[in-house]
Every structure is written in C-alpha cells, then in structure tokens.
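The chain below stands alone and is given in structure tokens; this is the form predicted alone.
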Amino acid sequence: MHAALTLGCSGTLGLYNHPKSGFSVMRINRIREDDVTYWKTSAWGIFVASTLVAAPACADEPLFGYIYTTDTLPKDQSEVEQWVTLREGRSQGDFHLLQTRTEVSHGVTDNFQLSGYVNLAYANVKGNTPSGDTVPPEVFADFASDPARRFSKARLESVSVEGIYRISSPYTNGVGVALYLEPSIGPRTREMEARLILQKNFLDDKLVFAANATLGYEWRKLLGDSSADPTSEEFVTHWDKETDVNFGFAGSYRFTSNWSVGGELQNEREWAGLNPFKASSRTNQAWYLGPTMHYGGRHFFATFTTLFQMPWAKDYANPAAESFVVNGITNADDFEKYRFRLKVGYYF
C-alpha cells in the first residue's frame, strides 16, 4: 500500500489502478483502426475520471482533525497545509477563540517527516466564567484584562518545529507505530509536546483506527496577581508551568474513492507544574467527541472535524462552590463547549 501511495503522490497515473485504491481494473484489449475518434474520446474520459474521481490518497494525508496517524510524506515529497480552529462557547457569556496554523512539511526519508508551523490566534470574550468575570483564554493568559470588560486581541502565538518518525507501517507490518516531537516558542511562551501514535487498518485499508497518547509541557510568563498572597509566586511576574496529558482515539471509513467519514474521541487532563504523577497537582479533565469528514484528491485534501465537550468534566483545583464545571462542562481557561477544525493541504 505504501508503494501505491508513493506512486500516487509522485504524479504518475496509468490506465491500470492499484486494487488497494478501490479502483476497477480497466483494460483496452483491441482498438480498431477505423475507430480513432472513439478511442480518443474514451482515453480522455478515463484520464479525467481517474484524476477527478478516483485519485489515490497521498501519504501524510490527515484523516482526522485532532488524532494523528502514522503516515508520513515519502522521501523528497513536500506539502503546505493550513489549519483553522474555531473554539466556541462557554456555559455563560461570550467566548470566541480562532487559531490558525500554517505548515510546511517535507519527507526527509520515507519514515521521517519534518515540519515547520506559524501559529496565530485571535480571542473575543466577555463574562465567560461561572462568576461572570471576563478571563482571557489560556493562549492570552499573559495579557492584562479587566474582569468587567470585553477582551479582544490578536497575536502571534508561537512558531513550532515538528518531527515524526515512523517505526512501523500499518501497510507492511500490521500495526503502525510512530513517535512525534514538537517544540514551540512564542512571546512569553514555551511548549514541548511528545506523542505516541498507533494505527491499525482493516478492510483493505478502507477502515482505519488510530490512537494517540500525548505529553505536553507548557511555560507561560504571567503578570503578577495583586490579589494573591504577597509571599506566593503568583504575586509577582513569573513563569507558570503546566503539564497536559491527552488520550485520543479515532476511526474512519472510506465509503467511496475520495471520501471518508468517522469520529474522534479526546480525553484532556491538566496538572499544575511539571509532574503528571502528582495527584494533588491535578487541575482539570475534559472529554470531547464528534464526527470528522475527509476528502483526498490527487494533490489536494481537506478534513473537517467538529468536537463537542461531553458533560463528564472534572475540576480538581477548586472547591465545589468555586468550580469551573457547570452542568458537567468545564469553563477553565483552556476549554470550551465546541471545537471546529478545518485542515486543507496541497502536495508538490
């Protein structure tokens, strides 16, 4: 299967299509000399149909919005990819957070892919906490805000470098395994994210399941809080530290040559500090679930995912009277009710 993908991404197109792509095998056995017009018409028809309808999927094509698969770009292949994520709604007030990622990726080898990202963000919020105060989302936590007024701001969030190394392929080894590492740096922000990626395919690669386990460390330089204990770190400007541990599972089924549909489940957990094994440092937990749709053409792909926060959230850091959880939904600074993510990309 991997050879077939490489072949497809390289731009080669023949009358015989690989059976794993789901195409029918077409043969032209005999062409009559007096039927040249018919032959030309049929050849153009086959070419157009193969290009527009039955184009094979390219490696690294993201089937999911949030969950990674083990596919990587073939050696010397490149792509540009644009992400747009809209994070909407809280249990009260206004909450709108738009984040974009512009990515350029390159296949260093058939099993190692290197990518670079530029990450931008825009927030517009007011009265978005259970107390009715305005509090900026986490990516704007280093800005001062008035609890009684609307907060609206755009910023460069960070730049990132991402490396994915595939240890085994689901097409040749049964189960795909890959490791991922992404350091990011931005104004008053540092992040390091590591991920284990698993993938298993069924039904001649039409049915794909993937699972991710992610460990992320974050450092944000926050302004001092004059209401905090004067002897505490929060009273002065300081580097706030946080650990994120996420588990994700997703499945997708290719119901026709270019289209797949599926679903994603994401469990997100947070700790204050950098020790995810310290139970007393747990702060929040939330679950997200929703559908995903994917289109993959010859050089172009698009993936759209919608996630809904499930009413299973936990607030470990605050007593019940001050909890950020309302009707099972957490309103902590890195969570919202709905997430919409669109990824589009072009291979070259």
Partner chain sequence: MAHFSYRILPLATLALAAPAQATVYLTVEQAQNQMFPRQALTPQFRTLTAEQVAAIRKASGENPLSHNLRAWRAADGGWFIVDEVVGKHEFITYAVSLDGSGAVRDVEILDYREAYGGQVRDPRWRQQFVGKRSGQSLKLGGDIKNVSGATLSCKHITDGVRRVLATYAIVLAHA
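Positions refer to the first chain, counted from 1. No experiment lies behind these values; they were computed from the predicted model shown.
Form predicted in complex with its partner chain: not shown, discussed below.
You can rule out all but one of 228 to 236, 179 to 187, 242 to 250, 205 to 213: in the model of the complex, only 205 to 213 has residues with a heavy atom within 4.5 Å of its partner chain. Among the residues Ser91, Gln77, Ser160, Gln266, the one placing a heavy atom within 4.5 Å of its partner chain in the model of the complex is Gln77.
Between the options Leu114, Leu86, Leu274, Leu223, the residue in contact with its partner chain in the model of the complex by a heavy atom within 4.5 angstroms is Leu86. Three-residue candidate spot Asn258, Tyr295 and His299; every residue lies within 4.5 angstroms of its partner chain in the model of the complex by at least one non-hydrogen atom. Proximity of Trp312 to its partner chain in the model of the complex falls outside the 4.5 Å heavy atom cutoff. In the model of the complex, its partner chain sits within 4.5 Å of a heavy atom belonging to Arg254. Contact annotation for Thr172: at least one heavy atom lies within 4.5 Å of its partner chain in the model of the complex. Shown alone here, Glu270 lies farther than 4.5 Å from its partner chain in the model of the complex, counting heavy atoms only.
Contacts between stretch 327 to 348 and its partner chain, counted in the model of the complex as any heavy atom lying within 4.5 Å, involve Tyr338, Phe340, Leu342, Val344, Tyr347, Phe348, listed in sequence order.
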